[in-house]
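Have a look below at one chain only, the form predicted on its own, in structure tokens format.
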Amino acid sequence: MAARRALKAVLVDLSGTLHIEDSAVPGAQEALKRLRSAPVTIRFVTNTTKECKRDLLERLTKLGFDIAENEIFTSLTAARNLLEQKQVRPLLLVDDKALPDFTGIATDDPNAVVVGLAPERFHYEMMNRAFQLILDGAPLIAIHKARYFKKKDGLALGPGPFVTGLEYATDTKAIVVGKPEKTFFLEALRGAGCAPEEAIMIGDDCRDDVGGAQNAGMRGILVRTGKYRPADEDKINPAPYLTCENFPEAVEHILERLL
């Protein structure tokens, strides 16, 4: 196997890795400060569709994380970019708090369907409207297809099961823009001045974070916080480059072994 190049970039998942709702993972703020002392570019990559980037940044700042808005790359950003490229008018099945990230996108007389995490919109009438649009030829765009995510009171259904239901009913395939899509990771790295082989991803989702990053040519560190469940490591091939208890332990490994 060819020798790995020196590490130049670290991609960090947010929900489940740095925080769970309004609680930070213990020690995560200090670990991020330590990581910032290293000669690496840091990008925060998230599939969250529950809130716009501005609200997400506000939440992280209140939790004591030193993060700039231009360091965050979200699946909402990727979805908006795709809508602009395709020049379509979406039926937006997203949370109201995510709508600011679609400001300026025309939504009258929709000819595309966009699905994020939208519990208030996942009812029969709205899903049936989406179903009919797709049957009429509208593309189905999934911001991501996560099966579930971590809340304070336990695991909760993600948008994946609802996207899959629409795929099944319409005999079509969704265009997925968020993790684990290779294009998402490569777009997140754009401007970081490094190749995928010079980057590593830290996240709590074995398939979407770690598996997606490794399929894009990066290394992946799985953390046992957030949505992690025992034996998640066995769900992807190749297995994660490393599994750590939490984000601080992952940072410690990077600082001690990879620089």
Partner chain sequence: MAAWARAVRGLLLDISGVLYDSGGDGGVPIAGSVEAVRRIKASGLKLRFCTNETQATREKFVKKLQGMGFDISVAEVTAPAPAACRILKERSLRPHLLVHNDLVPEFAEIDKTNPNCVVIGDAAENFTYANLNEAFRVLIGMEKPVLISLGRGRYYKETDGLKLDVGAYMKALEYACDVQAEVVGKPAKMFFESALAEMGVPPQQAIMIGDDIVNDVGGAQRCGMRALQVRTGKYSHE
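Positions refer to the first chain, counted from 1. C-alpha atoms forming the largest set that superposes within 1.5 Å between two forms make up the rigid core. Every value quoted in this text rests on a predicted model; they were computed, and no experiment measured them.
Omitted from view is the form predicted in complex with its partner chain, to which the following refers.
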- Message: Check Met127 for me: does it contact its partner chain in the model of the complex (non-hydrogen atoms, 4.5 angstroms)?
- Response: yes
- May I ask you to check whether Phe184 falls inside a 4.5 Å heavy atom distance of its partner chain in the model of the complex? no
- Message: I'd like to check something about Asp108: if you look in the model of the complex, is any of its heavy atoms closer than or equal to 4.5 Å to a heavy atom of its partner chain?
- Response: no
- Query: Is there a non-hydrogen atom of His123 within 4.5 angstroms of a non-hydrogen atom of its partner chain in the model of the complex?
  - Reply: yes
- Item | Which of 96 to 104, 74 to 82, 127 to 135, 185 to 193 sits within 4.5 Å of its partner chain in the model of the complex, heavy atom basis | 127 to 135
- Query: So which residues in 169 to 183, when you check its partner chain in the model of the complex, have a heavy atom no farther than 4.5 Å from it?
  - Reply: Ala169, Asp171
- Query: Is the C-alpha displacement of Leu189 equal to or greater than 2 Å between this form and the one not shown once the rigid core has been superposed?
  - Reply: no
- Does superposing the core leave Pro159 with a CA shift of 2 Å or more between this form and the one not shown? yes
- Core aligned, does the CA of Gly116 move at least 2 Å between this form and the one not shown? yes
